[in-house]
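Presented as structure tokens, the chain that follows is alone, the form predicted alone.
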Amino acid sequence: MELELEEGWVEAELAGDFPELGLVHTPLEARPRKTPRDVKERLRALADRYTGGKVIHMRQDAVPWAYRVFSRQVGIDPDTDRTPVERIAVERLRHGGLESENLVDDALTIAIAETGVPVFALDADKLVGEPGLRPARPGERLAGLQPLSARQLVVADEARPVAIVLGEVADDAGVTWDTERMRLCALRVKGVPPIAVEEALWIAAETLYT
């Protein structure tokens, strides 16, 4: 399997404030489907490694810590709006495991839990041009419905915001059962080595091709 990793654009002012900020993405010829047994087993094994002690000390690890620092720098309280890897950890503690949903969500969960890097999937055929990073503009809404606060950081294509950075994906840009092509995306911030970002995308892609 080969992946064509691409660097998303970052609006100039944002790049000036955060020189190491980036969005790495790759096209994927994959469709959503039910999770096969071996991926469910991998999810269960991963949950077994997420002990209470690991979760408590996880935020001190270099990669999770880097996203916590970035969250605070852009006005997000990571103790209230948890980073993706911490959301997974809390879910594991609450439910006693990591529940399987579908192959796409499970692949993303595995990639995030294994690396700490936020990874998400977009429907490639719903994008207008290439995705990148910028602040929200006055009056913009996610999927035309959810208001975005001024200067809130978003992932956007050439037409509109398609996701909130470290948050949710727009309903009109996310993967559905009708999706035929995806674009996997990973957020890179200061303190996170490029190899970790690449690994997260590889893990997600490899799982989707299972």
Partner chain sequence: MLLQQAPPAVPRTLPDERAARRTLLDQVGRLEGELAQLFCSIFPRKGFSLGVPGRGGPRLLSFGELEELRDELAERVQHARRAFSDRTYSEEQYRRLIEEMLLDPAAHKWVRVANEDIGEPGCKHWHVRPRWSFIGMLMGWWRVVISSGCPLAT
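Numbering follows the first chain given and starts at 1. All figures in this text were calculated on a predicted structure; none of them were measured in a lab.
The discussion below concerns the form predicted together with its partner chain, not included here.
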query	finding
Contact residue in the predicted bound form, chosen from 160, 40, 68, 181 - any heavy atom within 4.5 Å of its partner chain	68
In the predicted bound form, the residue from 33, 44, 141, 151 that sits within 4.5 Å of its partner chain by heavy atoms	151
is_contact(residue 18, its partner chain) in the predicted bound form, heavy atom dist at most 4.5 Å	yes
Residue contact check: residue 63 to its partner chain in the predicted bound form, 4.5 Å heavy atom	no
Contact flag, residue 185 vs its partner chain in the predicted bound form, heavy atom cut 4.5 Å	no
Contact of residue 132 with its partner chain in the predicted bound form (heavy atom, 4.5 Å)	no
Which of 90-98, 120-128, 69-77, 106-114 lines the interface with its partner chain in the predicted bound form (heavy atom within 4.5 Å)	69-77
Non-hydrogen atom within 4.5 Å of its partner chain in the predicted bound form for each of 23, 137 and 172	no
